[in-house]
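Okay, so here's just one chain, in structure tokens, the form predicted alone.
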Amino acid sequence: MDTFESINSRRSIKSFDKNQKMTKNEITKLLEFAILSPTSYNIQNWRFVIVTEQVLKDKLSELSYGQKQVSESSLVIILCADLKSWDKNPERYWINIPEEPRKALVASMKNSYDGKSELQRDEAMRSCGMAAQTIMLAAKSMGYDTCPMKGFDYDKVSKLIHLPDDHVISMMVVVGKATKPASSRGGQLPLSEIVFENHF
């Protein structure tokens, strides 16, 4: 499936085949695409908690206000981010470039994020959002369907997955094989209403 077709056919699916299992190789392939998503300073601040055990998926479904697509899916990916990744051995983000520009990038990144908690959180959400879209399009190309989700109890899910104090959950993406098609699109606004050339 080409990129345009994946974008056009990707829909938020609410009913999955609960007997469908993803192989470890398929999950690895999906995550290998996810980590190609862009991040500022190549910070790679996303962290992916993958859930395949049915008991845990059922618990996550409960914490998602009973939304059945969580328990029926083949895979739940909880997209989290390390808010302090900019200060944890950041040289490794540019291991393949010469030492001098690497040190300059580290200094610039620390200057950008140090003491700026709001920016750290904003960056986390941007990074996870881009990774989520990559996951959904890659999954569609692999023959799977997805549903991005924010409708869950963040505090209780954080406790369930033992989220570190310096991390944050952005969203979840559930992956599986659809048993029912998505409803018709609600309607896209015309480009004339949402696109502005050069200025508003």
Ligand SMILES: Cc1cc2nc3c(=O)[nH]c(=O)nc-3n(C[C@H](O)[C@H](O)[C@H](O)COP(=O)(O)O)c2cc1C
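Residue numbers here begin at 1 and follow the sequence given. Computed from a prediction, not measured in an experiment: that's the story for all the values here.
Keep in mind that the form predicted in complex with this ligand is not shown, yet the notes after this line are about it.
Residue 151 is the only one of 38, 143, 151, 66 with a heavy atom lying within 4.5 Å of this ligand in the predicted bound form.
This ligand in the predicted bound form comes within 4.5 Å of no heavy atom belonging to residue 34.
A residue is said to contact a partner when one of its heavy atoms sits within 4.5 Å of a partner heavy atom; residue 14 meets this definition for this ligand in the predicted bound form. When contacts are judged by a 4.5 Å heavy atom cut-off, residue 18 does not count as touching this ligand in the predicted bound form. In the predicted bound form, this ligand lies within 4.5 Å of some heavy atom of residue 147. The stretch that touches this ligand in the predicted bound form, counting heavy atoms within 4.5 Å, is 66 to 74, out of 24 to 32, 46 to 54, 66 to 74, 159 to 167. If you check this ligand in the predicted bound form, you find a heavy atom from every one of 10, 171 and 185 within 4.5 Å.
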